[in-house]
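One chain follows as C-alpha cells, the form predicted on its own.
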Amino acid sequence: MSGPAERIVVPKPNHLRRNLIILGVTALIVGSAWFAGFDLGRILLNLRKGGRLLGRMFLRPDWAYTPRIVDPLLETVKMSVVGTFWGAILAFPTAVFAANNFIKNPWIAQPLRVILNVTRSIPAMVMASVFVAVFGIGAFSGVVALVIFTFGLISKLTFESIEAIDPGQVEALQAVGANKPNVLRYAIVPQILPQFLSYTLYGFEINVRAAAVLGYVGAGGIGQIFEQNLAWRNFDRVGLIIIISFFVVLVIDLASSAMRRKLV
C-alpha cells in the first residue's frame, strides 16, 4: 500500500521585477511628457477650434488653386527621381567595397561604414538647409540632399544583402581561379540585384515624402508653396495641397510596393 501522496508546492511568482519595469516605463513616459510640455487638457480645450480649422482645410478646400500646385508637385517628383537615381548609382559600388565578404579589408570597409552611418544620421531637411546656404534657394539643393540621403540608405541595405548571400557560388568561382570582378559579376550581382532594385524603389518612396517638405528650407518642390500658404494662413489652400499630395504619394507608394513584391 502506497503512502500518502506528497504535496506539490508551486512557488509564487515574484512580480517585483515586472512591477519595477512597469514603474520605470511609466515614469519615463510621464517624465518625457512633462519635459516636452505635453498638455492633454490643452488639447481638449482646443478641440472645437481645431475642428473648425480642419473643416476649413479639408471640407472647403480652394479647388480653384489646383493649377498652381501642379508644377511644384511635378518638381517634387522630379527631385525624387533624380535624387534616387544618383544616390543608387553611388550606393552600389560603395556597398560592394563595404561588404566584409568581398574585399575582406577592414581598412576599406570600416571607413566606408563610418561614412554611411554619418550620412544616414543626418536628416534630409538638415542637409537641404546646408546646401541652400551653399548653392542657394532652389530644387538643386534639395536634389543634392536627396542624393546623399539615398546613398546612405541604399548602401547600408545593399552591403548587408551582400554579406547574406549564399557563399557557395562565390567559393565555386574562386575554386576555378575567378578573379574579384568575375566573382562580383557572376556570383554576387545575380543574387542581390532584385534586392538592390527593391531598395531603390523603397528609397524613391521615402524621397517623395522627404522632397515634399524640403521647400520649408527653400529647397524647391511642393513644400515651398505649402510653407507660403501656411504663413499667410490660407488654410483652404493648405488643405488642398495636403489632399493632392496625399493622393499622389499614395499612388506612388502603391505602384512601388507592387513592383517591389515582384522583385523580391
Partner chain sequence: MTDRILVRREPNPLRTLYNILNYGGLAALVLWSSSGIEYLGIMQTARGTVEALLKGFVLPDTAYLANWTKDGLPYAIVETIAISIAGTFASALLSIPVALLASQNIVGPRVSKLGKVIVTAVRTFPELILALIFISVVGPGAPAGILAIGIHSVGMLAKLFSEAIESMDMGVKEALDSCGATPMEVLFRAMLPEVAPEFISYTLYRFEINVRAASTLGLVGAGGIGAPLIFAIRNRAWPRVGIIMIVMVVVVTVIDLVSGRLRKKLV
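Residue numbers count along the first chain shown, from 1. Just so we're clear, the structure is a prediction, and the values are computed from it rather than from any experiment.
Keep in mind the form predicted in complex with its partner chain is missing from the figure; the text below concerns it.
- Residue 90 falls outside the set of residues with a heavy atom inside 4.5 Å of its partner chain in the model of the complex.
- Though the partner is left out of this view, residue 63 does not reach within 4.5 Å of its partner chain in the model of the complex, counting heavy atoms only.
- Using a 4.5 Å cutoff between non-hydrogen atoms, residue 113 does not count as a contact of its partner chain in the model of the complex.
- By the criterion of a heavy atom within 4.5 Å, residue 56 is excluded from the residues contacting its partner chain in the model of the complex.
- Residue heavy atoms within 4.5 Å of its partner chain in the model of the complex occur in exactly one stretch of 105-113, 164-172, 180-188, 122-130, and that stretch is 122-130.
- The single contact residue among 96, 147, 192, 139, judged by any heavy atom lying within 4.5 Å of its partner chain in the model of the complex, is 139.
- In the model of the complex, 209, 213, 216, 217, 226, 230 are the residues of 195-234 with at least one heavy atom within 4.5 Å of its partner chain, listed from first to last.
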